[in-house]
Ligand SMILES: C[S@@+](CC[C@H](N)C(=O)[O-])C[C@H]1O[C@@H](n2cnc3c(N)ncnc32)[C@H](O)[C@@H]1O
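Coming up is one lone chain in structure tokens, specifically the form predicted alone.
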Amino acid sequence: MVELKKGTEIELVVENLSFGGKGLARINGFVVFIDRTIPGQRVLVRITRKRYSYAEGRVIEVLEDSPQAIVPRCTHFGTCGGCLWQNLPYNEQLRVKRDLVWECLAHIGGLPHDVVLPTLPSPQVYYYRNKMEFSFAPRRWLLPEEINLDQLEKPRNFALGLHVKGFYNRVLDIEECHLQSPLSVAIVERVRQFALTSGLPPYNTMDHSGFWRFLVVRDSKHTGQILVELITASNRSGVKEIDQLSSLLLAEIPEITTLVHGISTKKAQIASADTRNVILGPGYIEERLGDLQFRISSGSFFQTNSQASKILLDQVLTGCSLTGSEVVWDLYCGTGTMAIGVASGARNVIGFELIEEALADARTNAKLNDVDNCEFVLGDLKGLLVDPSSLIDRYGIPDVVVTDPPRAGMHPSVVKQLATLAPPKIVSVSCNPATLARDLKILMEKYRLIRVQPVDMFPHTPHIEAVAVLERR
């Protein structure tokens, strides 16, 4: 048996894909996780980490490709950290995602896997995203063919694009992308050209100097509206350049319907502005999910796959099984998508949200859709649910609770309080099968898991949404 340790090189055959998207191989039963691989590939691997129960490795060379492999559409595939599975047929991606959900339920939650249904596909597998965030950086990631060149066509000290997987401070200049609309790439290119020649440097995460930070592009798949937000550091000397860039964008890309300049004083690399100035248009775009209309501003959260979001919403509505008499509580309601989506079938819907800006959008969206049986409550669920009696006195005992928490899942105390509250039905939406399994394990003491429906919101990536329906025992 080969002794595995850091630096060991070994040939392996990838058997399957694991949670997080890495390939899984075995040597005498010992598991090795290998990044950027798909089942069926025979690869030469260098071990990068060794633990008691597993190891991790990096591909040195693909010795034999998978019989399932297809030619990826994007020239950046393999470098960009976005589409890890573009070389895997889409029907196989759907199978893998279903398997990943039930493996998490079985291994983490100890739950039966036969309740997991086949993954529902995204209506679009390319150009499906309605939002992309692009980062500026003072260090451009060099392509393999550039490494030994004496002269580079592009400067190395400037980049606007997407982060290379595993490197928070290295950015790959994006010249094409098949996730958002092709027009977004044209916007990136025009902003890159201007910022490069502006004389103002990109933001440096090491010493927190520089001006240009992020470019955010949102586009509605149903109305055609486009929102562009330029996020910069706080620097009065850049006002003239922002005005010049805005004029150029509007002249050369007239499809842009609203333009926003955001200023961020945060040191963390998060594409979120502290203050915003709307340069053109209303500062938001409008999107539709079926017959419902939603207003999406610069800082609003909205599911990034509009067409698949309608499928997700339909699954939530089906899971609720509403008759018109129910009181529904929507935990982590965000901008009100779920609450407004189920309102037509319920007597009353109460949405709870921690972020004030999102709650303001939820109230606006309810008015846009003439929904008058939704009420939205600002507050932290950890505190609100400690003693839910005041909420029950005001809003009524919930017949159904819908929960759609962040990727980290519900706070453990919220799960316990929800189990104590014990509504007859819970419909849990999750973008992380591992935290879903953890939360369900606690709830299953009082509930029966009816079904889990995976929905593919992110083709070509390991990410997967799932809707779990639970009924009180």
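No experiment lies behind these values; they were computed from the predicted model shown. Position 1 is the first residue in the sequence shown; the rest follow in order.
The same protein also has a form predicted together with the named molecule, omitted here; what follows describes it.
S.K.: Only one of 319-327, 237-245, 279-287, 333-341 gets a heavy atom within 4.5 Å of the named molecule in the predicted complex; which is it?
M.R.: Every other range fails; the passing one is 333-341.
S.K.: Mind checking whether each of 355, 379 and 405 has a heavy atom within 4.5 Å of the named molecule in the predicted complex?
M.R.: Yes: 355, 379 and 405 each sit within 4.5 Å of the named molecule in the predicted complex.
S.K.: Hey, in the predicted complex, does residue 297 get a heavy atom within 4.5 angstroms of the named molecule?
M.R.: Although the named molecule is absent here, residue 297 would stay clear of it in the predicted complex, with no heavy atoms inside 4.5 Å.
S.K.: May I ask you to check whether residue 303 falls inside a 4.5 Å heavy atom distance of the named molecule in the predicted complex?
M.R.: The answer is yes: residue 303 has a heavy atom within 4.5 Å of the named molecule.
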